[in-house]
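Heads up, the chain below is alone and in the form predicted on its own; it's given as structure tokens.
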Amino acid sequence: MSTTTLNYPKPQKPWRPKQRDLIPTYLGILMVLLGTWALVEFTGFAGKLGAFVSVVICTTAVSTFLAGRSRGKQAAKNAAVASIITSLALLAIFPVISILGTVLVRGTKGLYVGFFTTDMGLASVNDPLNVGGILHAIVGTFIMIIIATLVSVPLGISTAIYLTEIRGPGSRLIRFLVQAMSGVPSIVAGLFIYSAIISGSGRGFNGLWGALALAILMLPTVARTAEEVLLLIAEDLREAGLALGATQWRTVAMVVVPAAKSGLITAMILGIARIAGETAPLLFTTGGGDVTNLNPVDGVMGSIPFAIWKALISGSAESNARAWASILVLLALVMILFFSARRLGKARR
């Protein structure tokens, strides 16, 4: 009895590009490289920006040509638009990447073991980098942020609740004023505290006045974000609380606010990130001390933004290194706050 052997075709993997499909891709990359080199070498497109513009021009031209030759006119238009949009997106994030890279490279040069554990009480910004630190600035920044948070978060959340739940008289006016406050320059808050409290009453500089100036800037961010969060709460929850016999304030306190808890925390973190790097209000209110001060109502108080400004205006190599190291610390603090806010926002969704 004879057997028949069946020769099955070898399985194909259509998701893998074939060798003949890769040839135009390699040629396109080669044409982009040669075109970029020619534009940089024989035209005025010099430097990083010139090289980027050259790459964009060559990539758009090559991708349009290859797509039009292989798939027609409509594919050429689609490739041109896609290349331009991708290039603009890269151009938008280029400044962010450049800033982060510059701060990281320059900031690490000024870091050393005692940078976070000593202050500038017995040193100046022009001393060698192994002397002094920013302990006073870190402590002052955290104290003022805590005070500003304690002042602005209850006011901001209460304002948001009034605008979304109570909707009483003056809601439009309050909403307009909150939006207007969000556009006020930060130096105006410092000048207001200086003229109303420090200059008007003869009181000296301290951390409390700086915290009040920061609270003015933090309040509209918290109020607007909290309002948007409360508007996302379903009306069914409010109606269910009222149907069970609860009063309006008990429904808000026991149902609405707990449902929006993570969003309200996100509003608080965004408000803190808003004021963490403010310098102008602190120039008129805190005095910028160089010694660690734990009492916000007695004596001048340092902060990270003030330390950066003081080091930069000195102009020496050591002071510039201290300034960049302080900028790195401040940037790390702000990024941690923003990432925390995004994580809380994702947890709520």
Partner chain sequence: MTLAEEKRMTAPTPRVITTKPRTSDKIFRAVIFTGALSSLVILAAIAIFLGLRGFEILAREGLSFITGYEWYSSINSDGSAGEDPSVYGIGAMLIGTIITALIAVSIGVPISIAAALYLNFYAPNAIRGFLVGVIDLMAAFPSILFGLWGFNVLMPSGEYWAKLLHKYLGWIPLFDVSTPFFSRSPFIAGLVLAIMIIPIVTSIAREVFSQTPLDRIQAAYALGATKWTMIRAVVLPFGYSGVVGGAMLGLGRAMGETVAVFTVLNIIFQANFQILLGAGGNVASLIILKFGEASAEEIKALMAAGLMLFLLTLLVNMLADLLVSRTVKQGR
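Source: prediction; values computed, not measured. Positions refer to the first chain, counted from 1.
There is another form of this protein, the form predicted together with its partner chain, and it is not shown here; the text below is about that form.
Undergrad: Could you tell me which of 142 to 150, 79 to 87, 126 to 134, 230 to 238 sits within 4.5 Å of its partner chain in the model of the complex, going by non-hydrogen atoms?
TA: The contacting stretch is 79 to 87.
Undergrad: Do residue 95 and its partner chain come within 4.5 Å of each other in the model of the complex, heavy atoms counted?
TA: So residue 95 counts as contacting its partner chain.
Undergrad: Closest heavy atom of residue 53 to its partner chain in the model of the complex, within 4.5 Å or not?
TA: Within the cut-off, so yes.
Undergrad: Though only this chain appears here, would residue 108 touch its partner chain in the model of the complex if you measure heavy atom gaps against 4.5 Å?
TA: Residue 108 lies outside the contact set for its partner chain.
Undergrad: Contact with its partner chain in the model of the complex for residue 202, defined as at least one heavy atom pair within 4.5 Å: yes or no?
TA: Residue 202: no, not in contact with its partner chain in the model of the complex.
Undergrad: Its partner chain in the model of the complex: within 4.5 Å of a heavy atom of each of 166, 181 and 191?
TA: Spot residues vs its partner chain: full contact, yes.
Undergrad: Could you run down 295 to 314 and flag each residue that has a heavy atom within 4.5 Å of its partner chain in the model of the complex?
TA: Heavy-atom contacts within 4.5 Å come from 305, 308, 309, 312, 313.
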